[in-house]
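A single chain, nothing else alongside it, follows as structure tokens in the form predicted on its own.
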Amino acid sequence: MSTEKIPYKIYLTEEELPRAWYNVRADMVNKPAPLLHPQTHQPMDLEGLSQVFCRELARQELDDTTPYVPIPQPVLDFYRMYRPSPLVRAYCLERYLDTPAHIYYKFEGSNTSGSHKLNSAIAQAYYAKEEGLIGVTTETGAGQWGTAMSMACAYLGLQCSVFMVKVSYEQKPFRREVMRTYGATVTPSPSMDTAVGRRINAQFPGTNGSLGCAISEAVEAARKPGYRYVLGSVLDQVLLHQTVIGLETKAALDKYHIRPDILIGCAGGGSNLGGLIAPFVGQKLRGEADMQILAVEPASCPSLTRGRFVYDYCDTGRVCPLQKMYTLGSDFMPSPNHAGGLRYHGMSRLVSQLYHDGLIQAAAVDQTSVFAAAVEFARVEGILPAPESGHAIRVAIDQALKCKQTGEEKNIVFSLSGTGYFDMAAYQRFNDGTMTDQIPTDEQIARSLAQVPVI
């Protein structure tokens, strides 16, 4: 079919909204390694995980066999408020780059929370409500997850307590206020409100915090009766809910008989990337199709490209289960770059296994080149991207320019995971020329990795 007949925006109808999430683990030959108890280092079972997470979410975390998990009707009804999201043909960007490549982006920033995070937030809030809980505790890096969780909890009448990484709490005050507007309490982390927070502050005086710190505090705070902990990335249950992104993307491409050659997603903990690529990885695993898949991470927190594939703690306080993942070490304190959602020391065990098995590739990019690409995209396509999304844009542009050199008409698909309208301080620093890149040395990474337990 002629590319001229492909619209700028490919929309699915509400009737075409996926009715089930796709569990890629069911098709994986090498399953992700089991989660281990933080003290005993024995595999976690349903009862153990249910002490931390809602029981149904714990069940989803352990499910290696069910290929499709039905989406509860109340979650589907909520999805209809903002889904299906559009798949956009970036005609303007293609003309600007003068590339023969065909560029598509799945835009996940058109909902009220401003990012893809709402896809899992409403699911987790629903299961918490069904379990009869009073509320949930969680962490947030840049604030997208905290915003989404606050919105979902407000919708379902749940209390929400958010520990926000301190540097983001200070850099992004308006995102913090959106959470408070939705009724959440927001605490900068590490705080003095929890035992683990006080311990981290003593160990790292004056620290800017990290997602690992905030996770530890949120897990401790969830121990009170009527509460459970919820997480915005990393866990397989979260990646499961996010597969609505990839399922919609595949359905939209199939409408016009488009086969993607390259899939690109930013990668912090893995939720956005995993959600986009899961159905396509399933095709690769079943031998139905093949394509290049690129995970893009910040050079300041390069877990895939410079980390080790070992068991490590998911949090700095070492109170969460261990998972086998690509990690820089749970003590790693990333520089305060502006992509707060990508400042996590490890990568999802599912994404890590796919990377280890060679099914996906990874690239690390520096902060200034990311913002250069984000500004370029904003001026051409008219959407101001979140700094996290800028990582995918950077590599999508690079791949399109390679096609310009080779003359190949490749189909490039990336996820525009959120908008950057609460990230203007970061854009101001880039526009003023005061933005810097802080890339960890080999010695820094080695010191952190030296603390990883030998299992």
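Throughout, we count residues from 1 along the sequence that is shown. Remember, it's a predicted structure, so these values are computed and weren't measured experimentally.
Absent from the display: the form predicted in complex with another copy of the chain. The rest refers to it.
Enquirer: Has each of 7, 111 and 375 got a heavy atom lying within 4.5 angstroms of another copy of the chain in the predicted complex?
Expert: Judged in the predicted complex, 7, 111 and 375 all sit within 4.5 Å of another copy of the chain.
Enquirer: Which one of 224, 379, 286, 259 is close to another copy of the chain in the predicted complex, taking close to mean a heavy atom within 4.5 Å?
Expert: After the contact test, the surviving option is 379.
Enquirer: Using heavy atoms only and a 4.5 Å cut-off, determine which of 166, 83, 324, 102 is in contact with another copy of the chain in the predicted complex.
Expert: Answer to the contact question: 83.
Enquirer: Given that the partner is absent here, does residue 181 sit within 4.5 Å of another copy of the chain in the predicted complex, heavy atoms only?
Expert: Because a heavy atom of residue 181 falls inside 4.5 Å of another copy of the chain in the predicted complex, the answer is yes.
Enquirer: Verify the contact flag for residue 65: yes if a non-hydrogen atom of it lies within 4.5 Å of a non-hydrogen atom of another copy of the chain in the predicted complex, no if not.
Expert: Residue-level check for residue 65: no, no contact with another copy of the chain.
Enquirer: Just to confirm, residue 441 within 4.5 Å of another copy of the chain in the predicted complex by heavy atoms?
Expert: Close contact is absent here: in the predicted complex, residue 441 is far from another copy of the chain, nothing within 4.5 Å, heavy atoms only.
Enquirer: Is residue 436 close enough to another copy of the chain in the predicted complex to count, meaning some heavy atom within 4.5 Å?
Expert: No.
Enquirer: Just one of 39 to 47, 22 to 30, 54 to 62, 382 to 390 has residues with a heavy atom within 4.5 Å of another copy of the chain in the predicted complex, so point it out.
Expert: Going by heavy atoms within 4.5 Å, the stretch is 382 to 390.
Enquirer: Mind listing which residues of 148 to 166 have a heavy atom within 4.5 Å of another copy of the chain in the predicted complex?
Expert: The stretch touches the partner through 151, 154, 155.
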